[in-house]
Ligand code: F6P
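A lone chain, given as structure tokens: the form predicted on its own.
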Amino acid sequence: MSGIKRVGVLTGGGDCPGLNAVIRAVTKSLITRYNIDVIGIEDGFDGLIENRTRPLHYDDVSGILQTGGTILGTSNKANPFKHPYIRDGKTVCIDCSDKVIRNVNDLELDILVCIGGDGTMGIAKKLIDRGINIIGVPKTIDNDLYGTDITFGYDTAVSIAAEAVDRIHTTAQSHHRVMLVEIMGRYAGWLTLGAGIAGGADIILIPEIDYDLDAICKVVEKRSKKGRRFSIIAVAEGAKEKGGELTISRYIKDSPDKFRLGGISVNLGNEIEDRTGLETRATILGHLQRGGTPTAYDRILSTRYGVGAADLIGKGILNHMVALQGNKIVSVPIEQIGGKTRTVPLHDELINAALEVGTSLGVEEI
């Protein structure tokens, strides 16, 4: 730890419940335990590109534990290596990494604490290769970050989605409908699987298992014939039919993700109604899953991660990400994380649990 005087903190990617809890924990821990100055970087990597920063003092991060979002702001388009720039009326991407490195040096930052998901860790790995010291903190509601058992934000998002499924139940029962609830998660099914199990969905569709429309229709028709005149389907935005394609809501020119997933629930609902004659409705939860106050679990986990990040700095362990493995806070080299997606294994105990209680996963068998 000798020689470390100033640490920068940024939040990258989409917003997520628990971000402020991490900022609070890492800032207070660095100040009180190690007498290190903390600099907040605004709007993710944009703040490093445009040199927008502000000091974070102890009182600046007090009272934000239960507040959603991030006091520093964030961006899911900011990438120093592919920064969108308007030239002659057209959007082009330029490499601003040299400027970022100059700004880090001018600010006399010894270390950057990067709080984010796979995109943020991928950028962090490239900056490490350029000589910047980094500590990572795993954030994403999708829970798809490699190297950790769970990311903060996931528990809150699961709780929000499960409550939505609960509320859909009463409408489905009253109107005898097939109700589809579309849940975020991109290419991983953790969020939909967790919310579907917690909410008692009859069918859960995740990206890891391409669904069979015939199998889905058999389930809802069987339930209807048995007098269960409604069905609840939790469907991941990245789910697709066997031999089919992902459902894309729009294309984005200046984003690291070139397209937005969305709308699978509407399309699938129409197909189910056409085949079975059963009335269907679809609800897309969207950004409702990102907002609001974090759960107690996420507040605790975020605090543990923030303190863990400060501990790594104090011990001089650099270029690692804090992670939860089992019930222990550990560290994982960032070079092992960037560019990888943690999807749901087909033998995962959550899948087995869903099957054991009679939940369909949209196929005849796995």
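Quick note: we count residues from 1 along the sequence shown, nothing fancier. Everything numeric in this text was worked out from a predicted model, so none of it was measured.
What comes next is about the form predicted in complex with 6-O-phosphono-beta-D-fructofuranose, which is not displayed.
Q: Just one of 141-149, 217-225, 197-205, 158-166 has residues with a heavy atom within 4.5 Å of 6-O-phosphono-beta-D-fructofuranose in the model of the complex, so point it out.
A: Partner-contacting stretch among the options: 141-149.
Q: Pick from Thr247, Asn76, Asn103, Thr283: which residue has any heavy atom within 4.5 angstroms of 6-O-phosphono-beta-D-fructofuranose in the model of the complex?
A: Partner contact (heavy atom, 4.5 Å) among the options: Asn76.
Q: Of the options Met179, Met184, Leu109, Met121, which one has a non-hydrogen atom that comes within 4.5 Å of 6-O-phosphono-beta-D-fructofuranose in the model of the complex?
A: So the residue touching 6-O-phosphono-beta-D-fructofuranose in the model of the complex, by this definition, is Met184.
Q: Give a yes or no on whether every one of Asp46, His83 and Lys126 sits within 4.5 angstroms of 6-O-phosphono-beta-D-fructofuranose in the model of the complex by heavy atom.
A: Answer is no for this spot.
Q: Is Arg290 part of the interface with 6-O-phosphono-beta-D-fructofuranose in the model of the complex - any heavy atom within 4.5 Å?
A: Yes, Arg290 is a contact residue.
Q: At the 4.5 Å heavy atom threshold, is Arg275 in contact with 6-O-phosphono-beta-D-fructofuranose in the model of the complex?
A: No, Arg275 stays farther than 4.5 Å from 6-O-phosphono-beta-D-fructofuranose in the model of the complex.
Q: Find out whether any non-hydrogen atom of Arg130 is located within 4.5 angstroms of 6-O-phosphono-beta-D-fructofuranose in the model of the complex, and reply yes or no.
A: No, Arg130 is distant from the partner.
Q: Is the gap between Lys99 and 6-O-phosphono-beta-D-fructofuranose in the model of the complex 4.5 Å or less for some heavy atom pair?
A: The answer is no: Lys99 has no heavy atom within 4.5 Å of 6-O-phosphono-beta-D-fructofuranose.
Q: Does anything in 224-246 come within 4.5 Å of 6-O-phosphono-beta-D-fructofuranose in the model of the complex by heavy atoms, and if so which residues, in order?
A: Contacts from 224-246: just Glu237.
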